[in-house]
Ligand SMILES: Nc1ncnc2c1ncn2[C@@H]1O[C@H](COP(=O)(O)OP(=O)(O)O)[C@@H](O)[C@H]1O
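The data below hold one chain only, encoded as structure tokens and taken in the form predicted on its own.
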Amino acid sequence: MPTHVNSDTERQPYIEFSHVDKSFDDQPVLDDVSFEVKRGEMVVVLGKSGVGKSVTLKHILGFLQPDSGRVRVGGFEVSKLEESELVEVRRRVTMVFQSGALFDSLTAGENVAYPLRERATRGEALDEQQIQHRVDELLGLVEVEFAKDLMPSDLSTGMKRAVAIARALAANPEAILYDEPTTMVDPLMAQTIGDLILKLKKQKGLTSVVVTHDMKLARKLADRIVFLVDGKVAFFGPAGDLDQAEESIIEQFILLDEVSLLG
């Protein structure tokens, strides 16, 4: 089993990157990346495509290991754990993928029930009635209760993401990661998903990381923002301070956001 880095984990950030470097085929993707996510905080990792945002999420879950530096999650030094030890971390931290990653052969309700059934196999007392009640509760929370008996192929991209969020919550996590939650959905659905994530933040108080290139979403959700430029942290701080950042690419993002609002 993983061992805690420090017994006083409550005072530590829930997620911490410390001077993390990662390259693929000698091409740097993360370059001396350092930031932290406090317990109950929502941090948005912002930047254009290809700057290392999704790679950052994969390091949190231990799917990737840094070439140098350290990644700590929930008191565990993830960058030093064996694959078998990462199971415990992945029970505590769940991820909502861009695609939703639902099981195509299961209904929406059965997808949400899946982690609940896994909990039952680990000895947690959940009977079928309790599982179904929890499924109804979670689908209602993400406002797609009507989709319980529908197959993923019958759902829009936005609905799939909502079901995926419900499934992630079913695992009763301490933290939740969102990978580009508003990509490939129309503006109205993007607003709905943003509102949903914000509602969950307020109701559940989960530690959260959102990866996006959507400035409007970042402003809506973030307590703090990590802005990556070419794999480096160009800005890390409160969302309200982003407008004072002097990096040209950040200024371009802000300008484009203002133009879209005027449109």
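All of these numbers come straight from a predicted model, not from anything done at the bench. For every residue, the number given is its place in the sequence shown, counted from 1.
This protein has a second form, the form predicted together with the named molecule, left out of what is shown; the following refers to that one.
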In the model of the complex, does V233 have a heavy atom within 4.5 Å of the named molecule? no
In the model of the complex, does G62 have a heavy atom within 4.5 Å of the named molecule? no
Taking heavy atoms only, is V29 within 4.5 angstroms of the named molecule in the model of the complex? yes
With the cut-off set at 4.5 Å between non-hydrogen atoms, does Q203 touch the named molecule in the model of the complex? no
Looking at L196, M215, V55, V229 here, can you tell me which has any non-hydrogen atom within 4.5 angstroms of the named molecule in the model of the complex? V55
Want to guess which of 66-74, 42-50, 233-241, 217-225 is within 4.5 Å of the named molecule in the model of the complex, heavy atoms only? 42-50
